[in-house]
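One protein chain, two forms: both are listed below as structure tokens, the first as structure 1 and the second as structure 2.
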Structure 1
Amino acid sequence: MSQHDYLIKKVDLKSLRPYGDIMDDGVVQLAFTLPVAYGPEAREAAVQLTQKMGFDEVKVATMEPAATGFAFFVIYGKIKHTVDYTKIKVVKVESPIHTMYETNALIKEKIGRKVVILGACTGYDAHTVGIDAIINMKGFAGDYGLERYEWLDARNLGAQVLNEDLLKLAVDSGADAILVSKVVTQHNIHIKDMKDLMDKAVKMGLRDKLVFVAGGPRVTHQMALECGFDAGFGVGTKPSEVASYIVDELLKRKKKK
């Protein structure tokens, strides 16, 4: 506690607002384009729209003619709304994160055989950046990929794998877990594909035989659960987090039996 603390407003968690440079000033920056010509009318429309969003003291930092019939705005405003931070609940993967060595040791001791994991970009998705970062030897951000784990048999099936092929392969290879990477989200194709996989898994009687994990920039744990998966991981997830979750989940299921 410093002697000047009484001069500063403290954060009010029951009515939380953005911080610009003074506590509770509520400053937000916005950027958007209106499909109308650059000019005073466009500017006024942008101001009114921002006010309707719940902002006071709306300042148009810039209006730019992005193209004929399109005005681009950067706007600052102070938001009227607040949220009660003390009541926030987020569904997230609750699993301790082990190192690669710990995960290997756990599998060796408690499962006694290699855990088989299949990873793929499903449907039309051809963006393998995510699945590559998790599975390929090199890994991501200094965290080794699943291929590097002595006690994992992790196979990266690559891009545009059909859901039915993935499930068939899972049966043939005796897989323990499936990792699905979804990057393309146009028209919510990622959600449709994820739900379709789980519908097919249920029909094939695989739902409880495998651990289903989804990942991708627009994937959250909540959304993965809603699609019928066991877990979902977003941007920045490291391979060790995924490996830890899968092994813990397998051990949990083993205990239940």
Structure 2
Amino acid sequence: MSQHDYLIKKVDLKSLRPYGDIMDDGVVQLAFTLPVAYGPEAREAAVQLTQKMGFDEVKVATMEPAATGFAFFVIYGKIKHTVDYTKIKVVKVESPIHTMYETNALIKEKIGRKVVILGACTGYDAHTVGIDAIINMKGFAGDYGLERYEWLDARNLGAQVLNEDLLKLAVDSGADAILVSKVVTQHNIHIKDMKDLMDKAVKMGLRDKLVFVAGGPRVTHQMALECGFDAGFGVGTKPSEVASYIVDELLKRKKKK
């Protein structure tokens, strides 16, 4: 086999591993900080730790002092392990994605009124980039935000909104859905906050009256379901995906009734 053939060889999905310089070489880049002073000893410690992780051919690409008594590393290494990609099953949101115009038409024809959506960063979370990208009119990645939808009444409540206040506002405004953005995840605070919201929703008799959606960099659909939500969306989610899911879920519930 020539070098060119090796570079373009077909990916084996039953024995999948990372691609670095050439196909199936198993090269991975790691970055971490050690709480020791920058120097040769710190470098050797980083190499040994990487080897203990199961990496071969360890190479230190970058070693820099991060602060007094700390050293930062970028390291390359190779792994032997593979996964069978064909057997991977992921719990994910199963809902068709409509354009803004299609969603507006669905609401107008089958619901007949504006759908009210409240979005917020809850608890002590002050990172509004995600909720802004979904709700604000400008949207994200060329996809219009929910404020742009003619038949959506989408309200961005901002950051650090308490769960009890969010639910009270949902009742007062006759909301159809709640969007919760969680970015801060230290000590799994996002999970605690999400479960707390759903516990309160159940006690207030709102669980089945609203569509609950969570989003954030560490949010998955599976995790959102485990916290009691209807759906969870991760990084890269576009506003149209969220709008499509909410409207489809409302229509499903309407049909059941």
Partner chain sequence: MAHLDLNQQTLIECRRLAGQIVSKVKPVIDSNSSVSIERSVLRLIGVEGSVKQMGMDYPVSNFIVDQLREDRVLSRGALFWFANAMIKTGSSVEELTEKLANGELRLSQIEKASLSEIKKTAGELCRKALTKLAERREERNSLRKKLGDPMDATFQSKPLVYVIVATGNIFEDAIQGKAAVEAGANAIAVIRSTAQSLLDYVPEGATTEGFGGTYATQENFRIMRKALDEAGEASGRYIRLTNYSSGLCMSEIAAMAAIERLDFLLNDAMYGILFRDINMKRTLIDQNFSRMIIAYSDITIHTGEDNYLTTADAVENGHQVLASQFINERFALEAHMKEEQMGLGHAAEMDPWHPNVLLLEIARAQMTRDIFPKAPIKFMPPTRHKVGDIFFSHLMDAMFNFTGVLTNQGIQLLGMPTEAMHTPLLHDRWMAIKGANYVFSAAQDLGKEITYKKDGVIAKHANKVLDDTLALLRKIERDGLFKAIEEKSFANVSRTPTGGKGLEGVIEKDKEYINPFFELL
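For numbering, take structure 1's sequence and count from 1. Given the structure is predicted, the values throughout are model-derived calculations rather than measurements. Each form is matched to the other, and the largest set of C-alpha atoms that superpose within 1.5 Å is called the rigid core.
### Query
So which is the form predicted in complex with the partner chain here, 1 or 2?
Of the two, structure 1 is the form predicted in complex with the partner chain.
### Message
Which single option from 136, 50, 26, 91 is at the hinge, given the motion of the rigid parts between the two structures?
### Response
Where the rigid parts turn against each other between the two structures, we find 91.
### Message
Please report the angle, in degrees, through which the smaller rigid segment swings against the bigger one between the two structures.
### Response
Between the forms, the smaller part turns 12 degrees against the larger.
### Task
Just grab the Cα shift of residue 15 between the two structures for me, core aligned, in angstrom.
Its C-alpha position differs by 4.7 Å.
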